[in-house]
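A single chain comes next, written as structure tokens; it is the form predicted on its own.
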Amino acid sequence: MSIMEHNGGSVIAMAGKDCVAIASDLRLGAGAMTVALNFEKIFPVTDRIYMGLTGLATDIITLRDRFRYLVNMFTIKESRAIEPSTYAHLVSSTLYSRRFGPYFTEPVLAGLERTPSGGFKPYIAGADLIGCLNFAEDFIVAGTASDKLFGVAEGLWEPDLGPEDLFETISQTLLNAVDRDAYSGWGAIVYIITPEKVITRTLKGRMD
């Protein structure tokens, strides 16, 4: 078994029309044994950026605190909130600095990027263990159920989804994918990020 699969878990981010969504399951495992059903893998960065982490649970907690410190330092130094594209490169450089002894996590970012006209556009990105960024205009997946998430998302995602339609799409994608993966599941949490607010919803999944 890969160390990336030891604790299980999956994350997906999707882009909509002037909104983005990010969701993860809630299972924490030790191999095939389930340890907890409330292990959240998505963390707020700013009011418009959320980050999901999959992989080794100890490295997830370490990186959560590390990125929180770096973002706070950026905010103090620059006197402004960090933008999603800037944060993505901060994540990339942080992971690359540890490339010879990497953190065993795969970050997924979802946020709203401010445009020159004053509006917002969806921004989603992912990275591997050493910080190689992957950008997409539809969805990004990571975790033990990533193959299943790709398959379901390809069939369900459509361009320009509104917040409620995007919530339904990402929820159905995640729940149907983790049902086919023994290392993910046992409930899920979804964040819908819009320019006005962030909507958080908890989903009930199969508990077997």
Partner chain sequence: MPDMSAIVNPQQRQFNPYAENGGTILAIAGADFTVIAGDTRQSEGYSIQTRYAPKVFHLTDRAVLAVNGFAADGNMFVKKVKQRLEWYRHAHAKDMPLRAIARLIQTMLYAQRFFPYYVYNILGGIEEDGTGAVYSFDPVGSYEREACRAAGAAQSLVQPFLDNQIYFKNQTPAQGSSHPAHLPLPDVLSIVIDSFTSATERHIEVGDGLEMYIVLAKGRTLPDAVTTLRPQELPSSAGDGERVFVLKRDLKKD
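Residue numbers count along the first chain shown, from 1. All of these numbers come straight from a predicted model, not from anything done at the bench.
Absent from the display: the form predicted together with its partner chain. The rest refers to it.
### Query
Can you pick the one in 167, 50, 139, 183 that has a heavy atom within 4.5 Å of its partner chain in the model of the complex?
After the contact test, the surviving option is 139.
Only one of 62, 46, 34, 176 comes within 4.5 Å of its partner chain in the model of the complex by heavy atoms, so just point that one out.
By the 4.5 Å heavy-atom cutoff, the listed residue in contact is 176.
Notebook entry, point to check: Taking 4.5 angstroms as the cut-off for heavy atoms, does residue 160 touch its partner chain in the model of the complex?
Noted result: No, no contact at 4.5 Å.
Margin query: Since only the chain is shown here, I'm wondering whether residue 156 would be in contact with its partner chain in the model of the complex (any heavy atom pair within 4.5 Å).
Written below: Answer yes; at least one heavy atom of residue 156 falls within 4.5 Å of its partner chain in the model of the complex.
>> Taking any heavy atom pair closer than or equal to 4.5 Å as contact, tell me whether residue 152 reaches its partner chain in the model of the complex.
In response: Because a heavy atom of residue 152 falls inside 4.5 Å of its partner chain in the model of the complex, the answer is yes.
- Query: in the model of the complex, which of the stretches 64-72, 50-58, 142-150, 23-31 has residues with heavy atoms within 4.5 Å of its partner chain?
  - Reply: Every other range fails; the passing one is 142-150.
Using a 4.5 Å cut-off on heavy atoms, which residues of 90-112 contact its partner chain in the model of the complex? If the 4.5 Å heavy-atom criterion is applied to its partner chain in the model of the complex, 90-112 yields nothing.
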